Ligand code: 0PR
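Only one chain is shown below, in C-alpha cells, and it's the form predicted alone.
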C-alpha cells in the first residue's frame, strides 16, 4: 500500500486496465456463469452494505431472502422449503452433508460415507477433506447418468446420504432421481440433489423430468441463481424439505441481533439476495422460460451444425450443455486450436470430449461463427 492514496481518475484508469485483461463472455463457451440481468445488477448495487450475517440490522433484506426461498422452493416443488441464500453450489453442497452428518453424529455414528456419481462436482472432494467423510463414487450408465445398481451396491450401514445430479457440470445430464428417491425412501437415507446448474433450466424444458421436492425421497436441493437464474455472483441457494436439518447447522451468535446463524459464512452479502429477488420478480416464470427456450434453440442449432461437419455429440443434449465427440488424441488439439482463435472451451474427463455451455450471452451469430471456426480447425 502506498503512503498517499491515488486520485479517482488514477483508480478508474487502473481498473479499466485490469478489466481489459479479463475475457468478455462473448467468446466464452466453457462457463456456467453469464452476464447478470441489468435489474439484478441495479438491485445488487443498491444493497452493497447489507449484511445478512446480522440480519436484525437489515430486516428489509431479510424479507427479500425469505421471499426468494419461497419462490425458489415453489419452483422446485415445495414453497414451504427451508433454507437460505448461499455463496453458490459448493457451500450449499457442504451444508447439506454437514447437516445430515451432524444429525447422524448426534445419533452415535462415528464413521460415515456418502455416495455420489462419478460425474459429481469437485465440491464433493472438498467435502471429503473438510468434513472427514468418505465419498464413494458410483459408476455411470451408457447415457452418462449414475447407474442405479452401482448406487445400491455401494450403500452400507455407514451411508448417511446419496447424492443425485440434476444437470451434471460436464455433460448436462440428469440422474434417474425418481429411482434414487425410491431407494432413499426404502432405506431411510438422506437424498441431496445437486441442481446448481439444472435447477433454473429443467423446470422450463419441453420434456418433463422428476428431480425435485415433488419426489418424496428428496431431502435437500442446491440451486444457483447466479447461473441460469441471471443473478449476480455470489448467489447460490440451499433448500431443505424439513426445518430440523437447517437447525442442525445453527450456531449461537450472542453478540449479534439474532440468536443463531445457520449459514457457513458469517458476513453474508445482502446485495446478491436483493439481486436474486429483483430478477426473479422481474422475469417471473415466463421470462425464465423464454431465456431457457432461446438457449435450447441455439443448443440444437449448434448440434445440427456440428453433425453437418461429421462431429456427433457424445449424448443428445438434455439441456444447454453440448459435448462433441472426437478421438481422445484429437480433443486437446482441437481445444487449443479454437483457443488460438479466441474461443474458450473446455474438455471433459471421461469420456474425453469438447464441452460447450450455451449460456444467455451466446447469440445466434456466435454459434454460426464458432461452427465456421470449428470446421476450419477440424
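Treat the numbers as computed from the prediction; the structure is a model and nothing was measured. Residue numbers count along the first chain shown, from 1.
What comes next is about the form predicted together with this ligand, which does not appear here.
Worksheet item: Which pick from 232, 269, 169, 181 sits with a heavy atom within 4.5 Å of this ligand in the predicted bound form?
Response: It is 169.
Discussion item. Looking at 219, 123, 263, 299 here, can you tell me which has any non-hydrogen atom within 4.5 angstroms of this ligand in the predicted bound form?
Written reply: Only one listed residue qualifies here, and that residue is 123.
Worksheet item: Any chance residue 224 has a heavy atom within 4.5 Å of this ligand in the predicted bound form?
Response: Residue 224: yes, in contact with this ligand in the predicted bound form.
Worksheet item: Within a 4.5 Å heavy atom cut-off, is residue 196 in contact with this ligand in the predicted bound form?
Response: So residue 196 counts as contacting this ligand.
Fill in: Any non-hydrogen atom of residue 325 within 4.5 angstroms of this ligand in the predicted bound form
Heavy-atom contact with this ligand at 4.5 Å: absent for residue 325.
Practice prompt. Please run the contact check for residue 27 against this ligand in the predicted bound form: heavy atoms, 4.5 angstroms, yes or no?
Written response: Heavy-atom contact with this ligand at 4.5 Å: absent for residue 27.
Practice prompt. Within 4.5 Å of this ligand in the predicted bound form, counting heavy atoms only, one of 140 to 148, 115 to 123, 287 to 295, 210 to 218 shows up; tell me which.
Written response: One stretch meets the cut-off, namely 115 to 123.
Worksheet item: Which residues in 69 to 94 have a heavy atom within 4.5 Å of this ligand in the predicted bound form?
Response: Result: 88, 89, 90, 93.
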